[in-house]
Ligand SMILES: Cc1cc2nc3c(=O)[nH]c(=O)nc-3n(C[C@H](O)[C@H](O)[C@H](O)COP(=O)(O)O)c2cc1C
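Shown here is one chain on its own, the form predicted on its own, set out as structure tokens.
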Amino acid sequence: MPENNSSSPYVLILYYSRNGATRAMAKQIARGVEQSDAIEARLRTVPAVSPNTEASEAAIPESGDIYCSQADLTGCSGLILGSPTRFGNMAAPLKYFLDGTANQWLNGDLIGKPAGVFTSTGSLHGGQETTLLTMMLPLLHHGMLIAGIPYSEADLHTTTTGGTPYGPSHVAGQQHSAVLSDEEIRLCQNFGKRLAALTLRLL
């Protein structure tokens, strides 16, 4: 991926990943975004949330993508959120980050920008669709324009792993060892490509 230029438009792919599956999806979505030469994909994550109130994360993670800043969020031209499923909802670290975006809401920084969501679960019926739908709620409160995956994507009709009209999904398995299927990879990349196209139209 090309080096980010703060003056160029970008789609922010903001995710939390505990065991690596959601991050693998984020990377495939980024590949789809960057099939367009006119926009960049900016991968960002969020720190874990600890029940110990004295615990804190380092400002820069030891590996993987860096933590999302408020400036990353405010400056994006499009936003894609990703999270593993926690009881049919997004994971606490991503929710905690979104709960801290009151300034963007007050300023209307995200109004009219396209957005989408993606998720990974341990089982086929582990709450993928409810997680995706509830992830959309804060985006709607921010005035964002939600995009899913249309059924013109042939893989939605044939997948036996992940993939929904609400956004890309992945079935990681109980041991979190399942790699992305061919259908899941294509759906992730085509979703990224679609969000990039919508973002460019709305610039």
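We number the residues from 1 along the sequence you see. This is a predicted model, so every value here is computed, not measured.
Keep in mind that the form predicted in complex with the ligand is missing from the display, and what follows is about it.
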query	finding
Partner contact for M135 in the predicted bound form: the ligand, 4.5 angstroms, heavy atom	no
In the predicted bound form, Y96 touching the ligand (heavy atom, 4.5 Å)	no
Contact label in the predicted bound form: R18 to the ligand, heavy atom within 4.5 Å	yes
N190, heavy atom within 4.5 angstroms of the ligand in the predicted bound form	no
Contact test, all of G88, G122 and A172, partner the ligand in the predicted bound form, heavy atom 4.5 Å	yes
Partner-facing stretch of 122-130, 69-77, 109-117, 96-104, counted where any non-hydrogen atom is within 4.5 angstroms of the ligand in the predicted bound form	122-130
